[in-house]
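Below you will find one chain, with nothing else, as structure tokens; this is the form predicted on its own, and questions on how it binds or moves follow later.
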């Protein structure tokens, strides 16, 4: 295929930050080919109320009004069933759960799910989505670490689905075969996002390379094969959520004896061409439309009619080199695939 058309691509997991960094990276959603962004709430301070989410949405729309921003709340002890109803009425799409300390700005994350059951019941009743960062905190005493934190989390997914069978749940950024199998075992109300970078990387690619380091970390070749296979199957409950997570150059490239480099991989400005490039590499290019648009939209009840659909056209090219950075000096971000070649380019958007 020399040309591929994707209707209204949708990224169901993206970090757009705040302040000057938000002004730099928010326009890259559209630059990367996307017209919908499901926005994560782990700011400083985190987005925990409807009012905060709506104010943040207004800030993003002021930067780039051409993208539809679906907003989320950060699951915290302050979140109440009453706030869930208020959020639903205001158009907030979901609630994100971060286990304590497992990723960027998750120090206020949860340690037990049972205390949130009244909140989950309210979400089930009003039909809001629960987004799960699918890891448990590392614990040397029980041999839990970055490589097995996701499989160790999966019993929580099953128990939540059993307790709230009508609650729509998304297991975010799966990295293991075990996670793929667990989501398949659940009912139609449980879905899963897959990132572009986890389709490319394995553990060898991030060990010693800060720009390929993210949470959850990329795992083993067999795990990557499972992510690729479920996309080739065209399974409708597995769709794109980039987890595109920008960090300024000085925090991403530098670590000290007391502070590691920032966890996060930035894919927004090249996202749709990158996904096409990767899917083509494992003979799944024909699944691009479902994976990058229609499957996620269907699960989130954001289906489009003919009048609303915005078609993005990708064209096969000999190759072009991805830019080395966006911004200036230390106030810049380095994208995934920087300096490497991509075989696809957006020619109409």
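Positions refer to the first chain, counted from 1. Model, not experiment: these values are computed from the prediction.
The discussion below concerns the form predicted together with another copy of the chain, not included here.
Enquirer: Indicate whether residue 204 is a 4.5 Å heavy atom neighbour of another copy of the chain in the predicted complex.
Expert: Contact check for residue 204: yes, within 4.5 Å of another copy of the chain in the predicted complex.
Enquirer: Taking 4.5 angstroms as the cut-off for heavy atoms, does residue 140 touch another copy of the chain in the predicted complex?
Expert: Contact check for residue 140: yes, within 4.5 Å of another copy of the chain in the predicted complex.
Enquirer: Should residue 161 be counted as a contact of another copy of the chain in the predicted complex, where contact means heavy atoms within 4.5 Å?
Expert: The answer is no: residue 161 has no heavy atom within 4.5 Å of another copy of the chain.
Enquirer: Within 4.5 Å, heavy atoms only: does residue 188 come near another copy of the chain in the predicted complex?
Expert: Contact with another copy of the chain, no.
Enquirer: Does the trio 227, 277 and 291 actually contact another copy of the chain in the predicted complex, every residue with a heavy atom within 4.5 Å?
Expert: Per the other structure, none of 227, 277 and 291 touch another copy of the chain.
Enquirer: When another copy of the chain is placed as it is in the predicted complex, which of 82 to 90, 146 to 154, 123 to 131, 264 to 272 ends up with heavy atoms within 4.5 Å of it?
Expert: Among the listed stretches, the partner-contacting one is 146 to 154.
Enquirer: I need to confirm a contact call. Of 334, 10, 14, 25, which residue comes within 4.5 Å of another copy of the chain in the predicted complex, counting heavy atoms only?
Expert: So the residue touching another copy of the chain in the predicted complex, by this definition, is 334.
Enquirer: Where, within 192 to 226, is there a heavy atom within 4.5 Å of another copy of the chain in the predicted complex? Residue list please.
Expert: Result: 203, 204, 206, 207, 208, 209, 210, 211, 213, 220, 221, 222, 224.
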